[in-house]
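Next up: just one chain, as structure tokens, the form predicted alone.
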Amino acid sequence: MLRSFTTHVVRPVRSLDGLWDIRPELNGTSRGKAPRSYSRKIEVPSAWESLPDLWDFRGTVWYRKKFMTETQGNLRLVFGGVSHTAKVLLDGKEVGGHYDAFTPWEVVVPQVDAGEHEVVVEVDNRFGDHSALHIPNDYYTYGGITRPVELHEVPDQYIENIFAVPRLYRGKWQLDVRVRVKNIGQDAAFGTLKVRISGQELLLTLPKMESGENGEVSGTLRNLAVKPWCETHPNLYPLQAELWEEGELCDDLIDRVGFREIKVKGKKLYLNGEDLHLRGFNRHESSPIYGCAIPTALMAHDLDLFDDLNCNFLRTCHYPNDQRLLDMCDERGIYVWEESHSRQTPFDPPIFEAQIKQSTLEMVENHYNHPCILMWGSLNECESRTPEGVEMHREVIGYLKSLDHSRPVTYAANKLKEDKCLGFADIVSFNIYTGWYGGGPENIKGFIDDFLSWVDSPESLGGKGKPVIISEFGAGAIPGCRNPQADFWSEEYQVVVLEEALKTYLHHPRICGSAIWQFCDGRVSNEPNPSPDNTFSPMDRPRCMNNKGVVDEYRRPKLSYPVVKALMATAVKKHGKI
């Protein structure tokens, strides 16, 4: 299922996970029509690279699943993620499609007859003019239906989403809620919403919705008897919305809420009024066995390692993560920076702005209620020096802010003192690889002190006085490459760099957070990145992997693991947990 808890009691929902028929177009191009026969089967969710003969397949694969319905009605197919371009057919008729691997999306088909039905999905993971976000990159673009699929039977009017913002007012928690209802029926509709949490109920009257329209209504639940959410006490509360029409309950939606406020005040971040210090990792959804289709047991194992390493912070580089992983972070009290899909993506493709905005919208709307998400981000290491780059940062970061006023917004920059976009962000975040891409480990402290002096000067064009996060730092270490001289690519050299960096960043009075690049080694593209900087080539990545993980791709610790664990413990001792 898409979530780790029950999201509907009234609405009939079933999983379409399991065995699907597939047919790869082995010449790499699609015929454009669904095949008449299917040659093999695959488990969904999965990446097709998990099949030995499709390990490096880039092209089109057709997926097919049959299911039964007992009555005529409206069907809503919800896909957690398809990598990366999809076209959906139901009973031979095209009914929808989607671009981008990392956000949930839906296809709604009204008035489907009872009986057996066949859903077919054409999945394409090729690069090209149709794809501005999925490009050859420092992480691999997998193929397949890589996250869960659900089938919903919905009435003519159904609850599409609920958005909740907790707010502390005069020592009491309030909850501002906004509910969106969709009318796919033929007639105009009215309705009433009942919203419940922690023993309190809010009654809301929907406006008239014409056929095909959405209706939104909002209100506030006040003086709630709830406990706050934080790292040490990740308290969660079910939030239930019910849709009533003419005295009958016709639909529902359940989500979870954690009561917390994240604030930026000067150079500090505050959670529920307390000074917040973030320590952790960047993490890709990557496994040599599962690709990006990480099973929940491995997600939990990764977070167990986070806990063992004394970390409280996860950055979802460089795309929205699986809802089930975010559910686990809600439950465990792990703070998350989530960002829409972009890494060193050129801005010149005509479709770039539309695709990054769609990724951003779907990320925020689907993940809005996760208390673990403390900040949103986008445009990792994109061009931030040119007039065109400034305008794109202004547009995308401004759009992100417009979608959610309750969280700060940032972007991970790497143009150092040439950056011209810091004024758009609430938090200054930089990827700094002193000791790896420039200078030696002995230069880390001097470099960061000089750089932070620039941030707090007028020359930074808006960075002055804002919180600072070191969003990436690290060094490559090929697993098993060992030598006492601590040469480049050795596990010993990674220890030297991370030890010096963590001693500096974890205790620096001007830095409120730091994230090691990266948690685990991960597969990269075979093709060079087309970014203007041309900063990535597979020739720079031994094993065709990004080898900067503190654990390898199988989660086996490197020499740096116990060093990182001990140094993170010193930060816990100094800053505490909240």
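The structure presented is a predicted model; accordingly, all values stated were derived computationally and were not measured. Residues carry their position along the shown sequence, with the first being 1.
In what follows, reference is made to the form predicted in complex with a small molecule, a form of this protein that is not presented.
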| item | value |
| --- | --- |
| Within 4.5 Å of the small molecule in the predicted bound form, all of Asn380, Asn431 and Lys548 (non-hydrogen atom) | yes |
| 4.5 angstroms heavy atom contact with the small molecule in the predicted bound form for Tyr437 | yes |
| Heavy atom of Asp138 within 4.5 Å of the small molecule in the predicted bound form | yes |
| Touches the small molecule in the predicted bound form: Glu338 (any heavy atom, 4.5 Å) | no |
| Lys464 within 4.5 Å of the small molecule in the predicted bound form, heavy atoms | no |
| Candidate stretches 293 to 301, 208 to 216, 402 to 410, 380 to 388 - the one whose heavy atoms come within 4.5 Å of the small molecule in the predicted bound form | 380 to 388 |
| Among the candidates Glu285, Asp251, Asp100, Glu472, the residue which, in the predicted bound form, approaches the small molecule to within 4.5 Å (heavy atoms) | Glu472 |
| In the predicted bound form, the residue from Arg541, Arg58, Arg510, Arg64 that sits within 4.5 Å of the small molecule by heavy atoms | Arg541 |
